[in-house]
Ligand SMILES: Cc1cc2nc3c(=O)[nH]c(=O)nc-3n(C[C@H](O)[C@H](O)[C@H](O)COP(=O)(O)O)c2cc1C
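First comes one chain, alone, set out as structure tokens in the form predicted on its own.
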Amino acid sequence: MSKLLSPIKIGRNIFKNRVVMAPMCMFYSKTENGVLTNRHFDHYVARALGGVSGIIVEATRVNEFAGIRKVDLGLYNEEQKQAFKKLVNRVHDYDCKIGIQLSHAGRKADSSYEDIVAPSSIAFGDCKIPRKLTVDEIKSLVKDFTNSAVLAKDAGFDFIEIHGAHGYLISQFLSPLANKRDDEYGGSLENRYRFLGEILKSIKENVDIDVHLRISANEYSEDGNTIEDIIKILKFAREDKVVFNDISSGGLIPNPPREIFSGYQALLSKKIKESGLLCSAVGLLSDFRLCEYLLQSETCDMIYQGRALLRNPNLVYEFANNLNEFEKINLPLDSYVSIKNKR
């Protein structure tokens, strides 16, 4: 019996298997209103039909000026919420959980924005130099994340994921590479965590929904956070009611020095799992045998799939075929017969 296709309970949600569609920016909106398009519906519903146990909607901006691109999805008004409600209902038709990644790009925001903000006035590579946020603006951004979380709950999402990775705004606050503040939001690890902590506390006080966190566990710089720092941050977040950790890496510096191979980020997941935290592994995990090994060896609790699902929306069916466990993903009989005949 495989672990890959076995259910798991995370927070209040039961996921039917361990394969989740990771959040991936697709820039499908084509307009600046942040509303889902038909292409978004096709994109996400196809993966739900394909058997994943969960989907995390791509980085979704918490206000009008927070996008990586101006055509990013948004969740800060009623029109956006109503469109997401329809998507959630469609995905739920396939016994699939769905969350949404709430994000602010900070210094990596679309360069055409007149005003780009960050914890400190330090540009990302050759990008536009951001303006340092005031304390009042930081408090306002906490309210923006909270408002988006409330709207996500109203839309029916099963959980939210706070984007604290890849060098975007929360990641910038957490890292000494981007945060050079000398007030209560900078300096010590506890102070650098403060912005994220205030977001999590505000969400907990205002909406009853499971909260997951994505984080870059390796910043690929000797001056950045260490894995021990990251584990401390994740334990702070657990105290603030984060129930699951989506482990990724990079994004704080351009072109980081790193060796990329199948499962390269799982080494980070293993250290975090060994610290007593629930976590995922992600990154070049298209081989079902490697995925199964990572779960069986207690390297992680979930497998997040990105590009592999873009190439093959029916990746879970393929895993089931290789594992001889079709019944675990409740395939329709005609699908079962057609795949079995190809063996």
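One rule holds for the numbers: they count along the sequence shown, beginning at 1. The model shown is predicted, which means the values in this text are computed figures rather than measured ones.
Form predicted together with the named molecule: not shown, discussed below.
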- Message: in the predicted bound form, does each of 22, 25 and 59 have a heavy atom within 4.5 Å of the named molecule?
- Response: yes
- Just one of 282, 316, 291, 66 has a heavy atom within 4.5 angstroms of the named molecule in the predicted bound form, so which one? 282
- Note on the structure: Among 80, 101, 218, 179, just one has a heavy atom within 4.5 Å of the named molecule in the predicted bound form, namely 101
- Message: How about residue 305 - does it come within 4.5 Å of the named molecule in the predicted bound form, if we only consider non-hydrogen atoms?
- Response: yes
- Should residue 113 be counted as a contact of the named molecule in the predicted bound form, where contact means heavy atoms within 4.5 Å? no
- 4.5 angstroms heavy atom contact with the named molecule in the predicted bound form for residue 264: yes
- Message: Even though the partner isn't displayed, in the predicted bound form is residue 153 close enough to the named molecule, meaning a heavy atom within 4.5 Å?
- Response: no
- Mind telling me which stretch in 47 to 55, 272 to 280, 306 to 314, 293 to 301 gets its heavy atoms within 4.5 Å of the named molecule in the predicted bound form? 306 to 314
